[in-house]
Ligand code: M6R
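The data below hold one chain only, encoded as structure tokens and taken in the form predicted on its own.
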Amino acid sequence: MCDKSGYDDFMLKEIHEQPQTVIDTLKGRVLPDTGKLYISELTPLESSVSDIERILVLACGTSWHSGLLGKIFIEKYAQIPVEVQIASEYPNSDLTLNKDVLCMCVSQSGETTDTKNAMQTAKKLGGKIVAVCNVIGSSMAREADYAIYTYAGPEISIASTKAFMSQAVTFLLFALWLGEKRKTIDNNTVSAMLNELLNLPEKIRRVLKTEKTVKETADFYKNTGHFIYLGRHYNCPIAFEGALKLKETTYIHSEAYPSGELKHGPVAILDENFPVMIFVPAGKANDKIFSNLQEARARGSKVIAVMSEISRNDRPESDHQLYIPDCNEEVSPFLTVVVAQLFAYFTAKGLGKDVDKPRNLVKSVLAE
């Protein structure tokens, strides 16, 4: 029996459950006695990791966004090219697969019709199939060659939050595991990243403590008719996920772009009625991101900057600043996404929307 445990809505409860979600996703995979990485579900795959030529990720919606982040992790640590396709489009494509292509099919429920159909198509073409899902014994997990469970626990709100978190953590663990087996990263790199993940729950809790500021910011923008989200590299998928959360829960027109794309068209729609949320955590892309921020401001747009605490004194030219704890750049999307989730939640609540059951949406899409 699921209850709200004192929260007003399941969505807010599930946002607050994300520190535990990370702990549960790591449990049994980061060995406490040695600090080493172990993914038991993938043991049968170990003997053939050197044969993997490329990886294809198939997913829809929020799971597609976790796949975009997974692509970055896998290409960085395992040095294997990754293609991320929207599952509903895959059966119509002319791409070929073979046994040296690893196909990762991502679905919270393990029953998403579009993703399941894409998985079956990939399997017929000869690809090895890894299902990444939250529900043990789901049809996708049964039909795949391998299954990695994300252990997010029951997610009741239609707008997914903690399922994204668990999928993203799973992708990072998989990337580290694959890099370790292929010897594309050293033990020190693996240990350092696992340590970052072990410290992640406490950093998420610190983000959750800023929800009053996030709510005040959401109240300021709740009556806007449009929103644009911008991010680079690790935070580009978070821009897409943030825009999706806002449109799902508030019905506000929102869209997302890699921030470098701003001048390639989207800047034309910016004005004083088109606010921007831009993700600018500390990292190597900072200078370029601040340039995008200034570009938006020059067009009259109000800007919300989601920043690292270390940048607090940089005085960026933004109207509002929301902060995440200082962290390794690779870990920043696990924190910025919580800010985006809270912003969508409080904007929807301010508008009087049913955040757990947005209109026209269902939890698992079971029909094409």
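The structure presented is a predicted model; accordingly, all values stated were derived computationally and were not measured. For every residue, the number given is its place in the sequence shown, counted from 1.
The form predicted in complex with the named molecule is left out here; the points below concern that form.
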{"item": "4.5 Å heavy atom contact, residue 245 to the named molecule in the model of the complex", "value": "yes"}
{"item": "Residue 235 within 4.5 Å of the named molecule in the model of the complex, heavy atoms", "value": "no"}
{"item": "Residue 62, heavy atom within 4.5 angstroms of the named molecule in the model of the complex", "value": "yes"}
{"item": "Residue 160 within 4.5 Å of the named molecule in the model of the complex, heavy atoms", "value": "yes"}
{"item": "Selected contact from 292, 250, 108, 170, since only one has a non-hydrogen atom within 4.5 angstroms of the named molecule in the model of the complex", "value": "108"}
{"item": "Which of 237-245, 200-208, 261-269, 216-224 sits within 4.5 Å of the named molecule in the model of the complex, heavy atom basis", "value": "237-245"}
{"item": "Residues of 31-45 having any heavy atom within 4.5 Å of the named molecule in the model of the complex, listed in sequence order", "value": "none"}
